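In the form predicted alone, a lone chain appears below as structure tokens.
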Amino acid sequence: MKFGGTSVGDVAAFERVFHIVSSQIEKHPVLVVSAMTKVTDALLTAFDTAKKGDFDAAVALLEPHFERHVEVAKHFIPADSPNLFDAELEFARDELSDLLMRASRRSLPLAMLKDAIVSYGEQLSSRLLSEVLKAKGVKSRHVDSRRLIVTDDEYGAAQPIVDETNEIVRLELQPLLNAEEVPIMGGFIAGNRAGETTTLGRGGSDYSAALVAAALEANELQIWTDVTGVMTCDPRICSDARTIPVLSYEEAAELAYFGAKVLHPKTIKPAIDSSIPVRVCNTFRPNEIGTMVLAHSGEAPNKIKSIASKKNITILRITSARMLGAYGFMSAVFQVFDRHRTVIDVISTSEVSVALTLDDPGSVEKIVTDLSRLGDVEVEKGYAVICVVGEGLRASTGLAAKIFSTIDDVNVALVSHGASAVNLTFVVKETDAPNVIRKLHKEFF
């Protein structure tokens, strides 16, 4: 069971986690916890402040967040009983102070210091949850993730060394589960072979949970968040959006890439590879059944499972007569994006031109300068990518016609279809996007 930041944000959130865990205690859960909401951001800001040489301001930034932890501890842990968390918090304060001082003096590599500093969000939330559950009568045991998940030395986005991780996870956690204890660990954080703290990058807590689920051959991986599963579209655009019961891994991957922020597919891959079902649940509505993500999900009656979108998209069009019947042109185009480390979202080609979309406008000018050597380049800003996802979409006769006839009053700037069996993607003006999504949702759902 992985609990995200909003699931451990305050006293009420910890109370909800206790009820969720105690209702599934017979399933021998392992808990993986994110940092409390806003704590990771505060740690990163403190690191940046210290890096600029303002050590006192960096330390002061963290104080309100320490207080939030103290508030939860005071609420659940009786005053007359031993409070191990207080000692842990003091220890964390001292260590963070030392690390921030080192960052201000740059006495160690900054990437290493950044991971060490940012790891305290998960260290504190997981230790706090362990003490809260003990105080509520749950037999729990805190386990340090930095000893369980072994990674390479790529700070900020470390890659797990799976064989070693599997061995240690089984060795450390199986005896606790056999003894009817609930192991609790921080997500997102890990350690390299030298014992230094590393982090797993974006979506890292889901990744930690998936790695542990795979190592223990769990029956299910539950991702507890603040929404009930993956929705048919963004509920802020369509109030009648509803939860999708089952998604395939491939569908979840497409949706996550195109803006459905519930799940990052790379992070649940270890569970999917081990054929462990992944369920997305809502901490605020624990009785509602969320979305189950499986290796294969089957087709929906109308073929479409969900509509996702991505705003702030730039279209680049490269036109060159040199493309006609020539090889190597596309390679030259892609090399430009490779040099500038920029990701292409959607691509469409004709005999003499290529159109593609970017959602990182930061390096557009430099890219355009380089592409101008290959041909004429047009830049158009202010677009949105709409992504329609569903198993069997590519093989469905007439479905594309139905989609485009539903929005026949809107100009479509770019279409990509057929590259994936589960996705039809097109680009419209950003101002048209909400209306397009509402029309499609009304037609298909």
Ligand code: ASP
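Just so we're clear, the structure is a prediction, and the values are computed from it rather than from any experiment. In case it trips you up, residue 1 is the first one in the sequence shown, and so on.
Although it is not shown, the form predicted in complex with the ligand is what the next lines describe.
Participant: Since exactly one of 388, 58, 35, 385 fits, which has a heavy atom within 4.5 Å of the ligand in the model of the complex?
Facilitator: Contact check passes for 35.
Participant: Here the chain is shown alone; which of 205, 130, 222, 145 has a heavy atom within 4.5 Å of the ligand in the model of the complex?
Facilitator: Residue within 4.5 Å of the partner: 205.
Participant: Might residue 40 be said to contact the ligand in the model of the complex, defining contact as any heavy atom within 4.5 Å?
Facilitator: The answer is yes: residue 40 has a heavy atom within 4.5 Å of the ligand.
Participant: I'd like to know whether residue 254 contacts the ligand in the model of the complex, with contact meaning heavy atoms within 4.5 angstroms.
Facilitator: Output for residue 254 is no: heavy atoms all beyond 4.5 Å of the ligand.
Participant: Would residue 122 count as touching the ligand in the model of the complex under a 4.5 Å heavy atom rule?
Facilitator: Residue 122: yes, in contact with the ligand in the model of the complex.
Participant: Look at the stretches 105-113, 266-274, 79-87, 196-204 and give the one with heavy atoms within 4.5 Å of the ligand in the model of the complex.
Facilitator: Partner-contacting stretch among the options: 196-204.
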